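To begin, one chain is listed below as structure tokens, in the form predicted alone.
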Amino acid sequence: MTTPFAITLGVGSSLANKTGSWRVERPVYVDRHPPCNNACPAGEATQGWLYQAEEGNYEAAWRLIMASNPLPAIMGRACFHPCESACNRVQIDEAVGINAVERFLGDRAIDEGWTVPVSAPPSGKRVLVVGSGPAGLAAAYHLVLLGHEVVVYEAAPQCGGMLRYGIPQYRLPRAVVDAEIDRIAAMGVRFEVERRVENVADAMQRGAFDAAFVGIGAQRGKHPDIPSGDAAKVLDAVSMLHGVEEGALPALGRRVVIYGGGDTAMDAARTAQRLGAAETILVYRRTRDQMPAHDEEVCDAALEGVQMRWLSTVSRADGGRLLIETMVLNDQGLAEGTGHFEELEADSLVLALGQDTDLTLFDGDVAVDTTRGVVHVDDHQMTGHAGLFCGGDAAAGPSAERTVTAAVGDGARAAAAIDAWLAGVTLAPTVIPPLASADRLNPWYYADASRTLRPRLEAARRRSNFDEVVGGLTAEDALFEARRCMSCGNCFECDNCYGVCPDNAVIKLGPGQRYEFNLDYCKGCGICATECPCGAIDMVPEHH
């Protein structure tokens, strides 16, 4: 016989255990946007592939990268990893070495011969891609995955754009570039080299293309008006780096001055050292803190012997001498001349003051806005001309960055937009969840684990060759580094909520299925949310 006591308090009695009538808040599991994902211009699901990598599922991790970025081995070398700058792990020790793990996965894919199958049925549409740099490669890759016939026109003898002709081999070995381009070609993309496009509208018409993407980059060095004598040897950094790649080594002399403060200036300076310059001096008109070059590039250049002269500008080049003016910062932090000059001996002057884009292929009847020397596009990378899209360094669109990673993101975004345009549909806006901020985390849960550093070639061994300077991680180190990820804002099934709930109201759903709350028992105390390491539980008001 059942007693009144058992009826009142017995387990399973919905009448006795319902708590919603007096619970003020209830817990809900949420998925927030990780800061690493948010900071990636290429749109990678960084936290997602790190989760696969930390389980040792390297191929699955690589395939998740490839869903957005077809160049992980390249990006693991050439990207300046804004994801790491945004990483919440800095609240404990150091950012997760995301870029190093990406490179490991990219290299593993090349070594293992992993490929990406094309399963989409043929669309019957032809798309032209002009330029085979990172933007063009990304666009071609995503377009062929969507079932379109893709042809890439490349003006140079080899594909890769600035990946090949702008980034020196000591940073990006050409075997890596070739391997990732060959994978895209094997998917069905046709590359036609030494095929310069003089007019994009004509090229589209003659090739019967339904749409086109232009990713020609910015491959012309800017030439400021610096007075120079007939005997002065002045060249631009872009042409110099391009020539080195083609085997046309410039005769720079023993004392070389590089004028500029960006990454191209650092590449030119470090290349000059390798070409035999006894002394390389970088002249920059502002301060070290104002340099656009990434810090690791500046540090490597200094380590290799490049001298830096801040707050200096080149006023004249005449024979073997340069006239240098000393600058100061005014009250607004801008550099201005002092009228104080000195002479600096130099056998050659290399200008690295930015790059321009040759936009003559848009001349004619193409409705494209090219004011201020860039192609203006909308949020989907489309120009004012229907069916004509543009991205990378040549475009002024959603991304203001001029980086390899931003170019890959432009190419991917354009491919999705081209696919939608060809189908006559409108792309739905992307809904991004709230950001997983550091203040939602419980750092105490994560053990201190110092970042794994990639091996580097000793400085003394760099001067005489173009061997790769930064090495890759071992499988053991890559696994360790991936496991440093804190899964910010997204449940990783640590069982904390399950263990701390005083009412046994957390139900485990099985591996990979996470949990759910049994609201018949939950009192809304909020301990689960407080103790969740990654901030994946919210307390929301109960509505009665």
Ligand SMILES: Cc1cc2nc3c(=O)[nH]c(=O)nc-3n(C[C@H](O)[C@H](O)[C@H](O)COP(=O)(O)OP(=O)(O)OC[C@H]3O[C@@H](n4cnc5c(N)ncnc54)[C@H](O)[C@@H]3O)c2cc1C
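Everything numeric in this text was worked out from a predicted model, so none of it was measured. Note that residue numbering begins at 1 and tracks the sequence as displayed.
The form predicted in complex with the named molecule exists for this protein as well; it is not shown, and the discussion that follows is about that form.
Residue in contact with the named molecule in the predicted complex (any heavy atom within 4.5 Å), chosen from 414, 140, 71, 407: 407. This chain is drawn without the named molecule; in the predicted complex, the residue among 322, 162, 272, 127 with a heavy atom within 4.5 Å of it is 162.
With the partner omitted here, the stretch from 329 to 337, 314 to 322, 236 to 244, 252 to 260 that lies within 4.5 Å of the named molecule by heavy atoms in the predicted complex is 236 to 244. Taking non-hydrogen atoms only, residue 76 never approaches the named molecule to within 4.5 angstroms in the predicted complex. At least one heavy atom of residue 135 is located within 4.5 Å of the named molecule in the predicted complex. For the chain shown alone, residue 196 is a contact residue for the named molecule in the predicted complex, at least one non-hydrogen atom being within 4.5 angstroms. At least one heavy atom of residue 393 is located within 4.5 Å of the named molecule in the predicted complex.
Residues from 192 to 223 that approach the named molecule in the predicted complex with a non-hydrogen atom closer than or equal to 4.5 Å are 195, 196, 197, 215, 216, 217, 218, 219, in the order they occur in the chain.
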